[in-house]
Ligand SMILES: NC(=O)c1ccc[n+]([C@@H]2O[C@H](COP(=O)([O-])OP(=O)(O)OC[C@H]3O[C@@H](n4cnc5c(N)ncnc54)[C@H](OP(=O)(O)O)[C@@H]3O)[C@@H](O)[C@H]2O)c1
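Listed next as structure tokens is one chain, alone, in the form predicted on its own.
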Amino acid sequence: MSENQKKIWITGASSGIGKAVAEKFAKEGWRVAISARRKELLDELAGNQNITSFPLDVTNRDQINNVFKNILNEFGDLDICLFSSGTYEPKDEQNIDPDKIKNVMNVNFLGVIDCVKAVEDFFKKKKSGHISIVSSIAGYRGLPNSSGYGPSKAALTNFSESIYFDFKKFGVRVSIVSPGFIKTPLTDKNEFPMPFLKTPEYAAEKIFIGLVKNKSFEIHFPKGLTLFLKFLRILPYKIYLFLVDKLVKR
């Protein structure tokens, strides 16, 4: 492998968007470190010569720090970190369940914060690099039956906006990814029609372009859905709540 080969670390890489992004970057010649809890799925991906498996539970802070050290020891450097771990149980979100909401926040939000903290000093001392966080359009505004997932993604977006300024001082880029409905094991749990449903490969292509070729803070897709939701985002509460209520009752 070339010393000039670009390198990326992807969490949540065992399936869905994370897996597709790992395969896309590997195909483009990048060296890819992949992490997730399901070691057997990571090992399948690691059959690609450009992909190396580093199993990880993002709710374990010590494990995150150790895995990051192991990646640096093996890779020598990192150009991008894409933190995309997440969990979602729609049936559990129809009622308020504090324990399950805490679990969602631990994986989707706090686990990502611990990952960012683990790489903070490395990137700031390097004075270059890119940290990207996978949020969701579900974080734009409050939605029905989303007592844990939506708030966790809204927190991620706000967190990313906040640290953007801190890392920019050191020449480190921060971005967020806000996907619409992508066909993954998580969205397969939805029991409602999902507009503009796209494949993980579609998402991976958009993310690759956004991370490597574009410089915008937010990578969002598909535009037909995300732009409409961005419009809803700026509406006054009275109008927004009325419209969503009508849509739910359809």
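Numbering starts at 1 and follows the sequence shown. As the structure is a prediction and not an experimental result, all values here were calculated from the model.
One more form of this protein, predicted together with this ligand, exists but is not displayed; see below.
By the 4.5 Å heavy atom rule, the three marked residues C81, G129 and S175 all fail to count as contacting this ligand in the predicted complex. For the chain shown alone, S85 is a contact residue for this ligand in the predicted complex, at least one non-hydrogen atom being within 4.5 angstroms. Contact annotation: F181 falls within 4.5 Å of this ligand in the predicted complex, judged by heavy atom distances. The closest heavy atom approach of E218 to this ligand in the predicted complex falls outside 4.5 Å. This ligand is not shown here, but in the predicted complex it comes within 4.5 Å of a heavy atom of S136.
Heavy atoms within 4.5 Å of this ligand in the predicted complex map, among the stretches 66-74, 24-32, 210-218, 50-58, onto 50-58 alone.
For the partner-free chain shown, G12, A13, S14, S15, G16, I17, G18 of 4-23 come within 4.5 angstroms of this ligand in the predicted complex, judged by any non-hydrogen atom.
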